[in-house]
Structures are given as C-alpha cells and as structure tokens.
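One chain follows as structure tokens, the form predicted on its own.
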C-alpha cells in the first residue's frame, strides 16, 4: 500500500478513529493487525517472510538472557536469519550473475542462473531493525521483551515498515509499552508533516522524475543536459525519500509516536562527513554503532581507521542495491570522508573555522554530493564512464542550449520549496518558545499546510511513481 494512494488515506483515517477509542493494550494489538494488513495488502505471502524474521529475532533475544551460555550461538542464529533472508532475496541473483561472469572470464565452465525472487518491500529496513535489537540485547544495552505483541509491533509498525526510518528498540519500545494520550498539538504537527510529505513526493519528486527519466533515457545527451539531469535527480531523491519519511513521521505522530528524524537539511552540509550526519540519519547511525565502532572506529591507527571507514561505506552502498554502481557510490563517499580527514590535518584550524568559509564549504559539498548521485542513478557502469567523458566544450546546436537552459530553470523552480522549508526549519529551531517569532511561525503553519494541500491537488504529477527507496 503506497502512502500516496487513496487506499492509504482511507486506511489511516479508519485506523485513527478505531485506535483512539481503544485502551492501551488493545491499541497495540490493533496497530499490529493494522501493520499486517498494510504490509500484506498487495502480496500476502510476504507476511510469512516478515513473520519468520520477527519470530526468530524475538526467540533469539529471549534465549540470550534465559540461556547465557548460548548467547553467542543465538546471536549467530539471529545474524543468519536476518542477513541470510536479506542475502537470499536481495543479493542472490547479483552473486550468481557475477560468479558466472567471473568463471566465463577465466575460461572455466560457467552457468547462467537466476532465482528471480521478488524483492520484498522494506526488507532492508525491518531486517536491520530486528538485527539491531538482537545486537543491543547481546551487548546488554537493552532487555529483551517478553511481550510478543509489543516486539512484533516494533517490527511491524506500519509507518516505518516499508522504508524506515530504521528505528531502535531502545527508542520505539518504550513508546509502545507506555500508554499514549491524545495530544492536539502533536496531532496538528502530524497533519503538517503529512501535508509537507505529500507535497515533496507528489509535486516536487514526481514532477522532477519525469524530467530526469527523459534525460537519462537519451542515448547521447550533451554535457550540460546530462548534468542538468543529475541536478534534477539530486533534488528528486531528497524530496522523494524525505517526503516518505515525513509522511511516516506524521502518521506516527497522529498515533502518539515520535519517530527518529531521518533528514536534517543535508544539502546545507559543510563537509562530506557532515552530509552523512544529516542524510538518512537512521542508517548512518546504525552503521556507525553496529559496524564502525565494533571494528575499532577511529581508536585504531590511521590506516586501520581508513579501512574501517571504507568498509562502512562499502556496506552502505551494498545496502542500497545489488549492483556495482551502488558500491561505487558508497566507496566514493568513503573516499570523500577520508579526503576530508586528510584536509583537516593540513589546513590550519583557524582557517577551517573561519565564518567566511561557510558558504564556500556548503556549495562545494553540495557539488560533491550531486556529482555522486550520477553513480546512484545510473546502474550501468559503462554508461557512467561514457557520461564522465563528455566535454563541456563539445559543440551543440543552439536549440539544444535553449532546451537545456529551460530544463535547468525548471529544476531550480521545483527545488525552491525545499530551500524554503530549510529556511523555515532553521528559523523554527532558533525561535524560543513564547517569543514573538515562535508565535508567528505557529500561526503561519495552518496557512502553509493549506497551501501545501492546494499544491498537491493542483500541481501533482500525472504519473505518480513509487518511492525510490522501496527498492531497497
């Protein structure tokens, strides 16, 4: 069930009416059943896979405490179930195709096999959530829950089920276990998040996707047209994924839950490392806590620390998709972070922290990130190599320049709401409660929400697409 469908709006409205009429324990049971209906709406058989991962993680976590002598064995069992499920459904065909290609290149007997498994929506998200829970229990950071309903609800909470944020047991479980009261202010915030999320996806992302898809479908785009397409995708993917997250956070807030924030104005970052503290934050911090720090983090020597960084970004790239372009994209960002560390050792601290350098750092970081989105958007490495060989000085017809210029300004036009929201968000953070600025911003929200909904009704793309991160 897509967030931008009429079915979801009807589903959410009905769920809210029933939910707020129930007591705490029945609310949890109802939300679990709602998650089952939501996830199994199109492919009910996927519930078997989801249920298997949930039950195995629940049992392994309880067993770690009940049978301490089996802790390591049970952790390995949880790893096999979560990562094995992810590996089979997401990476098996990738592994088989590359193994066949390697054997063929070596002149050995080869094969052409494919499991052709359907990739379950959200598999990367709910497997990482369950795996993180088991790791927290193993390391003593979290006590395992005996209530199967509460644990299953954490994994099957419908706002986060398809594309995150990747919640943590220590953050979501206490909210599940404690009674929730209807809060009018939180309800209004949830409605505003929903309006902004729908606008990002249906107006900004979906309209930009039409432009971007046409550019990347061309056989011979010139330099300026190609990078206009990359710029369009830069804003498309932010609006698409941030739009999903805000709809998820808004839906959860209507139910009395507060989800992890997944984006913090990433295109205003001052460095590559700062970008990853702002982009897909739930994944970044998951990789930091469960891979980077256990590997030694920055506490080891420079060479080992650099290898740890590259390992984390390799996993990040592979997590995003079973294709070499995602791995290249991940390693590209890993090299940027390493280059930043090297730069910080060479440049005087006073120059690094000088206020006048901030705008230049933001623009430079944005350019590096936008360049990297080419590796993310285009799956064919051969085409990427060809694109990178394009020259900005190559001759083209005058009409082509006019078309490119028109498309460039169209991309900028659709990006304006994102920049306006960034400015609003910065003002809202600076406004102290009770001040005139805070009151003016609060009064502005109903008007802003009305304008956003009007935009959704009048400016939505005629070809609404699925969320990009559903494929991960």
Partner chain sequence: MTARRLSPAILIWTALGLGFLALWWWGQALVFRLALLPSVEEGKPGWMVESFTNEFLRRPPWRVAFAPASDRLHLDKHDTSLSAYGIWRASRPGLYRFLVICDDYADLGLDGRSVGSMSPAQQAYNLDEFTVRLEPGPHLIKLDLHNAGEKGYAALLVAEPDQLDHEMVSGRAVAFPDLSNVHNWWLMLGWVRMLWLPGLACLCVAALIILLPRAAGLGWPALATACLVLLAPAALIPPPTLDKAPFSDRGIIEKLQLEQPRYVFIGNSIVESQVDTKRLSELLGGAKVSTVITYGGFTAYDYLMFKNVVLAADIHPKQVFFVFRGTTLTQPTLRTEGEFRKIIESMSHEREDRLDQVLEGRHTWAQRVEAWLGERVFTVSASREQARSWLDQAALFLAIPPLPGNKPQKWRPRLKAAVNARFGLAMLRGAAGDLVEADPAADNGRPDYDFAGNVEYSFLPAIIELAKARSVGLVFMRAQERPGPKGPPPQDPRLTRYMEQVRAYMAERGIPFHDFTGDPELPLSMYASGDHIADPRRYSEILHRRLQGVFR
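Note that the structure is a prediction, hence the values are computed from the model and not measured. Positions refer to the first chain, counted from 1.
If you look for the form predicted together with its partner chain, you will not find it shown, but the lines that follow are about it.
**Study point:** Listed residue that, although its partner chain is not shown, lies within 4.5 Å of it in the model of the complex (heavy atoms), from 438, 403, 55, 49
**Key:** Comparing distances to its partner chain in the model of the complex, the residue within 4.5 Å is 403.
**Study point:** Partner-contacting position among 334, 221, 317, 169 - heavy atom within 4.5 Å of its partner chain in the model of the complex
**Key:** Of 334, 221, 317, 169, the residue with a heavy atom within 4.5 Å of its partner chain in the model of the complex is 221.
Review point. Which one of these stretches, 251-259, 81-89, 141-149, 176-184, sits within 4.5 Å of its partner chain in the model of the complex when only heavy atoms are counted?
Key: Single hit among the candidates: 176-184.
Review point. Taking heavy atoms and a 4.5 Å cut-off, does residue 68 contact its partner chain in the model of the complex?
Key: Answer no; every heavy atom of residue 68 is more than 4.5 Å from its partner chain in the model of the complex.
Practice item. Determine whether any heavy atom of residue 217 comes within 4.5 Å of a heavy atom of its partner chain in the model of the complex, and answer yes or no. Key: Judged by the heavy-atom cut-off of 4.5 Å, residue 217 is in contact with its partner chain in the model of the complex.
Check your understanding: Is the gap between residue 407 and its partner chain in the model of the complex 4.5 Å or less for some heavy atom pair?
Key -> Yes, residue 407 lies within 4.5 Å of its partner chain in the model of the complex.
Review point. Just to confirm, residue 280 within 4.5 Å of its partner chain in the model of the complex by heavy atoms?
Key: Residue 280: no contact with its partner chain in the model of the complex.
Check your understanding: Looking in the model of the complex, is its partner chain within 4.5 Å of a heavy atom from each of 131, 135 and 368?
Key -> No: none of 131, 135 and 368 comes within 4.5 Å of its partner chain in the model of the complex.
**Study point:** Residues within stretch 374-392 having a non-hydrogen atom within 4.5 Å of its partner chain in the model of the complex
**Key:** Read in sequence order, the residues that approach its partner chain (within 4.5 Å, in the model of the complex) are 377, 378, 383, 387.
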